[in-house]
Structures are given as structure tokens and as C-alpha cells.
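Read the single chain below, which is given as C-alpha cells and is the form predicted on its own.
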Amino acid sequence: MTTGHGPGPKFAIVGAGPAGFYAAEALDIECPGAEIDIIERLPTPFGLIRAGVAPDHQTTKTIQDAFEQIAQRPNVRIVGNVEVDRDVTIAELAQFYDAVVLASGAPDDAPLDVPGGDLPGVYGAAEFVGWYNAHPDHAGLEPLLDRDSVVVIGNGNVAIDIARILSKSAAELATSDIAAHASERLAQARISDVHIVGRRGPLEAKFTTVELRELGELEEAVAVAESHQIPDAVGSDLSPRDRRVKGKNLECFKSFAQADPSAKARRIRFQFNARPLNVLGNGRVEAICFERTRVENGQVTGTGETLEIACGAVISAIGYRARPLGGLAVSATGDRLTNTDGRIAPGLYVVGWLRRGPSGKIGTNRTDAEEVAALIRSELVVGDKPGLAGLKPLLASRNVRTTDYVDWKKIEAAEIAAALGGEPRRKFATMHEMLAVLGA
């Protein structure tokens, strides 16, 4: 780190999710005395903790407490309701800050690129999860949930989360912070069967055992699998850890294969080795056709055999895509910005999913942030840049009403006060509602 004649370094972090907060923590350690501004396009911080973690997984959301502590550090500020590329450019941020760190994730869905994939009733996981989590971008989705069957494509925990939320009773959801509009829509829905379909087999699925076991404990839904798709044992060629993890999952699937589908009013049906061919319907989703697959040398190949599942909605949980900021290059995979070990250009860095793609757990972002913070410190040249003292007047000249940590606490207090029954909070689902609390 090279120090010029000005005060301590000034950093702008774009995105107030886990990656952004871990980056703030790491930069505070690497560069004592730094001023750190976390710029967030919503008035509410915490990113996927608030709008991505399942609303019935309140224990997972307690990681927010650690981020609250970071936000309250005297040299860390939240600058909310500010969107990069709309209210300010990356080039302008670079004029005010010694380094800019992009941490805004990969918020868009990978498309279901099959014929009929654009029919009404086809949704991506990001928008559907955002809908039931009261994200302002997706609160107005109004998904078609008026038929008795829904298909969820994907073999990861997001697919399980969606299936579980669709299958839980109103009583089970009463202690969650599910969006009020979603709770009402699900209560009116007539869903009896949710199909979770993956193109590989049960041992290749990315589910965690905890999530699988949870499906076997629902009040009104039973998890079922087809016994002929469930192997007797895991392969001996796996590492001890993989054998242990996959073995626990296999136990779950074996129990699902023995379950009575008529034991409860609803069913969560696992279907493996099937990849989507096309979505069928006249004006809306009515069914989806899959091709049976097999895995050979790690590659998925089609068998020519097809499977058709009647349904009223298809939710695709097959991956996420990055939004290009400031015209920056997106990788060939589409799920991250092009970078070298977190560096995009001198003074411009990237962390989290936007750096490495949508992978890992929440805590993975901490290691990621620590690596990039060390890189920033090694390359940093501190000048006389004004930081927030320069950014604020620019935003004011553009009539941008910024929010801060105190504003967030007012919004949070209003959500908690509005909660009914056992709800921890009743989330505001629109920017207007959030800003109205602040008198804006």
C-alpha cells in the first residue's frame, strides 16, 4: 500500500449482500483507518440473506446479526437506494474512491432454453424465490399456481426450498417471513404434487442431507421417489468424505422410495435422469416433456425415451447469470465478470458470486473477500479522493434520495411492528412502501 498526501484510503463496495459485508470487514482489517461505503440499490441491506434464504429458515438468517455489527462500525456506512449505472457510474465512483469493489452477485436466472420455455407459467428460481421473499423486483410476479401439479427443474437446495415452500401448510409457514402476497396466493393454490426433476442421478444431486430430511417431516406432504431409480449403494471409487455425504443422501432417497404416496394430501416427487425437451401448452404451461438420460464418463447423454409430466407451472432452478455493470465484460459462462483473482482493472475489483460464479455457501464469501482485500492492500495507492463527501453532492444533484443504516433500522422496526401471529416480520415488498416509512 502506497500512501499519498491525503487521509486514509476510501473504498466503495457495490452491493450490501454477504459478499459486500465480508469485503467491508476484510478491508477494515487490511487497511485500518479506511472509510468504507457500501452502496446498495435497495433501501434494505443483506442481499440474499433477506431475499434469497428460504423464509422458513430463520436460523440461517441469523448471520444478519454479524453483518449488523459490521454496519455499525464507525468507518463503515450504508448508502442505500443508489443504483450503479442508473444513479452513478463506476467511472464516477472511481473518481471519488481509491478502490471500487463490485459485490452485487449474479441476480438473474439462467434461461430454460427449450421450445415453450417462454410460455406463461415458466419461471426462473431467482424471480420465484424473490416473489415469495418480497423482493421489490419480483413482488408483482403473480405466478400461475392454479393447477394441481408444479414441476421444479434442478437438483440443488434451491429446488428443494421451492418445493418445500409450495408444499407446506399455512400453519407451517405462519412463523416464517414469507411475503404476505405469497402466503395468500399459496393458501388459495390447489397444488397437490410438486415434481423435482434432475438430469443426473440421485448420487450426483447437490442436495444437502439436512434439506432432504426436512422434506420427510412436513405436515401435509410426503416425499416420494421411484425405487428403480435409487441405487443400492454409493460407489467405492469416491473419497471417504463423498461416500459419507452421498451415503446419507442415499438413505433419505431409500426412505422416500418406501413412502406411501397417499399417506398425506400432497406429494413431493423426485424424478432423476431426465432433461427438459420442451414445454407444452396453448397460451400457458400445460405439461413439460423430458428425455430420459444416462451418465457416461461424467457426461449426460440422452436415451431417446421421453417422459411427459402434466403441470400448470414450471420453475427452473438451473443456475444464475450476472448483470454486466458499466459495460464490463461478462465471462463466457455468463455467471461472473471477467477478472483475474478478483482484479478487473487498476482500482477496480470484484468479490463473491460476481467474481467466482454462483457457488459455495454464505461463508465462502468471507474467504473470497479476504483474498481480494489482501490484493487491494498490496496494490493500493492512496490519494486525495473525497469518498462519500464527493459522492453525496453528485447524487443530490440528480435528486437521488439516499438511505443509510438508521433508515434501514426504521424500515425494519416498521416490518416487525406489522407482523401478525408468529411472524418475525412482515416485509415491505415495494420501494414505495419502504421509502414511505422514511417520509420520502
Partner chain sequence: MTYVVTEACIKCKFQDCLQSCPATCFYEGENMLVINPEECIDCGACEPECPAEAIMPDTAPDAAKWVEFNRKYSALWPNIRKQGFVPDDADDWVEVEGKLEEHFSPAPAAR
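Positions refer to the first chain, counted from 1. Predicted model, so just to flag it, every value in this text is computed and none were measured.
Just so it is clear, the following notes concern the form predicted together with the partner chain, a form of the same protein that is not shown.
Contact check at 4.5 Å (heavy atoms) against the partner chain in the model of the complex: all three of 25, 63 and 245 pass. Stretch-level contact check against the partner chain in the model of the complex with heavy atoms at 4.5 Å: of 366 to 374, 115 to 123, 181 to 189, 128 to 136, the positive one is 366 to 374. Residue-level contacts in the model of the complex: of 233, 210, 332, 329, one residue has a heavy atom within 4.5 Å of the partner chain, and it is 210. This chain appears without its partner; in the model of the complex, the one residue of 265, 362, 174, 307 with a heavy atom within 4.5 Å of the partner chain is 362.
Although the partner is absent here, residue 59 lies within 4.5 Å of the partner chain in the model of the complex, judged by heavy atoms. Residue contact check for residue 241: one or more of its heavy atoms lie within 4.5 Å of the partner chain in the model of the complex. Within 4.5 Å of some heavy atom of the partner chain in the model of the complex lies at least one heavy atom of residue 29.
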